[in-house]
Ligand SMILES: C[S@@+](CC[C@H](N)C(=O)[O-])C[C@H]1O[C@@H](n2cnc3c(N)ncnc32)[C@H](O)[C@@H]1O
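Listed next as structure tokens is one chain, alone, in the form predicted alone.
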Amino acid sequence: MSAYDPIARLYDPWSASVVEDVSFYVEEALAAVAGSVAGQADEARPGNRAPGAPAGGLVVELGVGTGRIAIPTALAGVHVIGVDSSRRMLEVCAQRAREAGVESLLDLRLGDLRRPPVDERVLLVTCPFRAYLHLRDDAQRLQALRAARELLRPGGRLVFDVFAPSREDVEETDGRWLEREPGIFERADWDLEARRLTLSVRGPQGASRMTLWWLEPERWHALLVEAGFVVEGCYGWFDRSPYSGGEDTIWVARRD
């Protein structure tokens, strides 16, 4: 069972204040769709379409969760294949998609970041909200990055965000139950030597505990190169400002 299953109904109110990344990922999806549409004329010629290539306008979101990113993306008119390891989170996502009137634009699939159940080849794969931090070591990270690369058509991009905590953040939160949203409490237990965060959450609609592992930006860059990507950019925030230090990194990597 996924650590997110017990908090599937708690997840949206828990993450209600996290909105800064939504427009960023929607813009990335729209740009990918524009590129896909531009290439359709050439692909339509006999013999030009690669096996498994979509007709266009399709992106893959890994760690789709309850659709916090995917539903706004679908509302912008983009078809999304959403993959998640939590069956209950996918059930919530499907319900939210129906309520938003975009269920026909979301193809939800139960699966792992390292082995996404996707045969289609696309121009954009995303992994928002630090989902790659659930991978415990470099072997798992490389497996996931290479799997994402295999989903991409030549020139396609992988876009994801991760973080490495500041000492101030660790000191302010370590071992303390803090009210993240009204009635929803969160506790961070940091192990700096192991680069491991044990994150606990509890609220009226459930409780759970999960483990995250972080890396420094230099190591993420090296892993992307090892996985066969060309790193196009590393932002320090979702306003696309270049990374110049800090906790957050947003990566854009291309498959040649």
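Please read all numbers here as calculations on a predicted model, not as lab measurements. Note that residue numbering follows the sequence shown and begins at 1.
Missing here is the form predicted together with the named molecule; even so, the following discussion is about that form.
> Just to confirm, G156 within 4.5 Å of the named molecule in the predicted complex by heavy atoms?
Replying inline: Flag for G156 set to no.
> Within a 4.5 Å heavy atom cut-off, is S85 in contact with the named molecule in the predicted complex?
Replying inline: S85: yes, in contact with the named molecule in the predicted complex.
>> Check Y4 for me: does it contact the named molecule in the predicted complex (non-hydrogen atoms, 4.5 angstroms)?
In response: Y4: contacts the named molecule in the predicted complex.
>> Against the named molecule in the predicted complex, would P165 count as a contact residue? Criterion: heavy atoms within 4.5 Å.
In response: Residue-level check for P165: no, no contact with the named molecule.
> With the partner absent here, would G65, D112 and H134 each sit within 4.5 Å of the named molecule in the predicted complex, counting heavy atoms only?
Replying inline: Yes.
>> Within 4.5 Å, heavy atoms only, which of V201, V60, I69, V33 is in contact with the named molecule in the predicted complex?
In response: When the named molecule is considered in the predicted complex, the option within 4.5 Å is I69.
>> Using a 4.5 Å heavy atom cut-off, which residue among M89, A97, L124, V78 comes into contact with the named molecule in the predicted complex?
In response: Partner contact (heavy atom, 4.5 Å) among the options: M89.
>> For the interface check, one of 112-120, 147-155, 182-190, 98-106 should have non-hydrogen atoms within 4.5 Å of the named molecule in the predicted complex; which one?
In response: Every other range fails; the passing one is 112-120.
>> With the partner left out here, which residues of 241-256 have a non-hydrogen atom within 4.5 Å of the named molecule in the predicted complex?
In response: Heavy-atom contacts to the named molecule in the predicted complex: nothing from 241-256.
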